[in-house]
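Heads up, the chain below is alone and in the form predicted alone; it's given as structure tokens.
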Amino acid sequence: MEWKEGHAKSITFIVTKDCQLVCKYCYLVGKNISERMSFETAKQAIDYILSNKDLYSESSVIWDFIGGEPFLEIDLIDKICDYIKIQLYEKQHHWFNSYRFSFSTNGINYHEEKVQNFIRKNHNHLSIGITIDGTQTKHDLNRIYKSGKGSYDDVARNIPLWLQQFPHGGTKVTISSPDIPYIKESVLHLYSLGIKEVNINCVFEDVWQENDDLLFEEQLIQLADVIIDSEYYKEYACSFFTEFIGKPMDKVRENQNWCGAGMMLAVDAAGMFYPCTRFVQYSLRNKKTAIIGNVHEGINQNLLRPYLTLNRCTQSLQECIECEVASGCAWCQGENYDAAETNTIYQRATAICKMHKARVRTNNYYWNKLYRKLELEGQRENFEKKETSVIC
């Protein structure tokens, strides 16, 4: 579940573009060892943000740290977080005591003393997700070291410690064409490790092969059967199965942008501001970076304004707008820009269309089967009340 119902301001520090891994599906195509944020750059960004309260009226904030692998720069991060806390207090800022430090890590150096000291120091304000892709076969298919060696063992050893510290922690699983056959067993494997929330998504890039959607559907049907027949649904979650997708689009209530590009803010090692990290050069294959300001001059509102006008209708084909299963069909704003025929942010990439439709078919199968089971057992009403309370 999103913190503060998703209404917190998200500010991202790209502390390094280095990583121990070279994941095959990674959208960060320009990772390197040279671009590392300095404390002075981070300090300038923080000073600008906290001195412009009128630009950031949200009642809460998420300070997000990414790389590459953010924990490679744990000393820098620790210093940045200390500075943030001091400034929030000294400025009597409305974010004081309503903030979170957020990390998505590959988990390789999670156990190291400096990382653990940081966690103990900030635990009440931390959100940390470790990325593990499933079984060793699936994980090591993509998440490899520069030598080609798989990283599963080095990540899996830290899962018990992570779950001890963050019992409700969820992981993020990425699906690309080669690893479709491992979806079912991978989700079940993550459950067996004690991970109760599996957030799983298909890559947005155009990597899909003929019949991938049918293989995908087959895997999800098998997964649905096991989750329902073995009653995993009582304690475990998989984001592929949700009741709130696969319906025609409500052109009023659902005509918003899918992601927070423009509403969030990212800053890189050079002190440049971006509408999100996917517009930084190391995230782009085909286009030039899209900068909206810097730590010295602040945000250029004229450069930011186009992102604030984005919604579903301004960037979708009519076919997408009128699609009978449009709701829940996701996109990445940065991928839209990178894949567009021109330098526009208003052309929606549709590479996952068939994958979304396959997901909708299996999602319908899942909920029909689950509710039939619950009705036979006289439990449907209690289950629906529980689901509503979780959503609220």
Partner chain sequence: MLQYLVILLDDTSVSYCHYENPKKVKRLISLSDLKAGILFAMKQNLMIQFVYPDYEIPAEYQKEIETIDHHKIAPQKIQLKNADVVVFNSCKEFSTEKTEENKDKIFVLRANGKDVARNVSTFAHDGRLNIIITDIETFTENDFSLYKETLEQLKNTVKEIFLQENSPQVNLLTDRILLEKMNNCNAGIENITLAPNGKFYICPAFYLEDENDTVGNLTNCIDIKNKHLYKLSNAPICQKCDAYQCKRCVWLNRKTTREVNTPSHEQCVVAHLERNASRNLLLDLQQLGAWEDKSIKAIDYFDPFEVKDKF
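Numbering follows the first chain given and starts at 1. Remember, it's a predicted structure, so these values are computed and weren't measured experimentally.
Note that the form predicted together with its partner chain isn't included here; everything after this is about it.
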214, 193, 303, 270 - the one with a heavy atom within 4.5 Å of its partner chain in the model of the complex = 303
Picking from 224, 175, 290, 155, the single residue whose non-hydrogen atoms come within 4.5 angstroms of its partner chain in the model of the complex is 290
Decide whether residue 311 counts as a contact residue for its partner chain in the model of the complex under a heavy atom distance cut-off of 4.5 Å.
-> yes
Should residue 38 be classed as touching its partner chain in the model of the complex when contacts are defined as heavy atoms within 4.5 Å?
-> no
Report whether the minimum heavy atom distance between residue 60 and its partner chain in the model of the complex is within 4.5 Å.
-> no
Contact between residue 345 and its partner chain in the model of the complex at 4.5 Å, heavy atoms?
-> yes
Just one of 43-51, 66-74, 359-367, 334-342 has heavy atoms within 4.5 Å of its partner chain in the model of the complex; which?
-> 334-342
